[in-house]
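Okay, so here's just one chain, in structure tokens, the form predicted on its own.
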């Protein structure tokens, strides 16, 4: 078990969670703190919540932060399941000011990319070559893609069209909850989504993450797809671990 630490914050549509992370072992170093995402989830409101989480742990170093947005050079270019005011917001600068850090101490990562980085280093994708796609099922569907272990950033496979609708409107875990679907009723929706994705890609492996991965044994065996699908090992902690690891590498 390693002793080097980083700090990760994972911002989602329903919750914001963070804590220190053992970035050598890929595990949470303390019990994470989760606070419901403010509604509306404007940049200022979310930044206040992130500051509260970081302050709770008395963390002084660099911070890795995820957003459910396409991120380029620290700026959010899209907004999925968060307020549209995030679009074109310099998130890196916003959090640097709110947390009292210099800009370089804040590392912004797309939420699914962060989860994928953690899974590829510490989890189900460790040492896997070829084309690996990590899908996170939560409020929406996030995706990250790796070719021979290298991240292809900002893929947005949760927004491909399935049955004439945005994929996450059909197959996200929130859809299962909102419609009160059983796993047997929800699994065909996930299968249709994955088969649609397979029309464009020929992955060697798909890793299923997000909170629903904790009960993967109840629905993964029900899927009918071409690509092998395995559950994420870091489950819903992957975003925090990936964000913290990215920040530690920039330290």
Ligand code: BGC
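Since we're looking at a predicted model, the values are computed, not measured. Numbering follows the first chain given and starts at 1.
What follows is about the form predicted in complex with ligand BGC, which we do not show.
- With the partner omitted here, the stretch from 216 to 224, 29 to 37, 47 to 55, 62 to 70 that lies within 4.5 Å of ligand BGC by heavy atoms in the model of the complex is 62 to 70.
- Though the partner is left out of this view, residue 174 does not reach within 4.5 Å of ligand BGC in the model of the complex, counting heavy atoms only.
- Taking non-hydrogen atoms only, residue 80 approaches ligand BGC to within 4.5 angstroms in the model of the complex.
- Looking at residue 159, you'd find a heavy atom of it within 4.5 angstroms of ligand BGC in the model of the complex.
- Proximity of residue 119 to ligand BGC in the model of the complex falls outside the 4.5 Å heavy atom cutoff.
- With the partner omitted from this view, the residue of 133, 141, 107, 76 that lies near ligand BGC in the model of the complex is 141 [heavy atom within 4.5 Å].
- Shown here without ligand BGC, the chain has 110, 111, 112 in 100 to 127 lying with a heavy atom within 4.5 Å of that partner in the model of the complex.
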